[in-house]
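Taking the form predicted on its own, here's one chain by itself in structure tokens.
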């Protein structure tokens, strides 16, 4: 049996958790919108065409923000196509995903859906094929009460008051050669600065996310962030990070160690932000928006067989297995361990497209990755404590990966503290000890374990509960000291209540 320990002092707070760290993402891609969140005529649809069975599952995830409408899609999108009478909306060729966009779901529908789903919007503007004028016009349409051409058009389209959209993305993955209108760092930095300046002139209270490099392994990484922030520091509040993970090589230990690379990526971007801050002698920090992250590789071969120029094809429909859920748990623990700087994060995506929720015409169900996200989202609110983890490690391509990933979050309002822990060993259980004597008067109130003997086990519509959390046993909490056994290849949640 492996042995590990953790230490977290009650008063040693790393940061409050920004709830937006538990965000997600809906793009006009595949069946994310059509047949995902929106399916008029479905027996599950309400009067607006919104899938109520999907909304119920989204509420279980407790998602505070949803990024929209892209993603790659936004770089060729004309938001005007998606407003006004539906019978007048044009069908367009979407070059991002080689599909047909009907525009039957647009800005007004999305905003109404966020209300129904009890979430908030994170909106993106097109800085690929469009630019400053588009950003200005969209803010005039959404944020000005009335008396102008575009704000009055919004009112004529049924929305009397301005939309409440506090958080905006300045384009998407603008260094990527796959992106329509992709740019050099200098080109994008100037454009982001000017678009941001105009947007904040129109709606001074909004926050803006500048595009970071499209992923950690881009040749532009590092220099891109430095240049963009040098040019747009005064206009932006966050810089974005995107990363997806694959076990195409079928090497589970390396796959589970990707959380180490995830941590290194975050630390590197923080260092760049602070380097620019020091050089420019600024007091204000730029924080991070990790607004695309997930596992993505299962569907890539089948996606090659899907014909182009059809509506809502079955694109990017990864069927997630148990080992994917373990990595998602570790990645979320890593986000929490950087909660002092990562203030926004979006699991990409929410429904059908590389998503925790899948739908068919006959129902909706939870994929394996749904469970760690829901457990951490619902119990990881409050403040992250500085958590010291002592554990054996194994070698991986990023260096050393500890067998134990863990973090402690306290919630003073609800008088709880919670331990989230992943045992990455595929063969050995782990004895975990922790000294929580500063939490005198607390008891172990909930012990949940997500585990399956088969790393490749999946959930399907026919077997939707094949992989799910179950009640754990054997943890002892006496006199402020915890001893618990974490099964091999498992994610464990321990909730303590006063």
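Quantities reported herein were computed from a predicted structural model and do not represent experimental measurements. Residue numbers count along the first chain shown, from 1.
This protein has a second form, the form predicted together with a small molecule, left out of what is shown; the following refers to that one.
Look at 172-180, 86-94, 194-202, 276-284: in the predicted bound form, residues with non-hydrogen atoms within 4.5 angstroms of the small molecule sit in 172-180. A residue is said to contact a partner when one of its heavy atoms sits within 4.5 Å of a partner heavy atom; residue 292 meets this definition for the small molecule in the predicted bound form. In the predicted bound form, none of the heavy atoms of residue 245 sits within 4.5 Å of a heavy atom of the small molecule. The small molecule in the predicted bound form is approached by residue 29, whose closest heavy atom lies within 4.5 angstroms of it. Put simply, residue 330 is far from the small molecule in the predicted bound form: not one heavy atom of it is within 4.5 Å. Contact annotation for the candidate site: 259, 372 and 422 all lie away from the small molecule in the predicted bound form (no heavy atom within 4.5 Å). Note on the partner interface in the predicted bound form: the residue among 299, 104, 72, 120 having a heavy atom within 4.5 angstroms of the small molecule is 72. Residue-level contacts in the predicted bound form: of 342, 125, 384, 354, one residue has a heavy atom within 4.5 Å of the small molecule, and it is 354.
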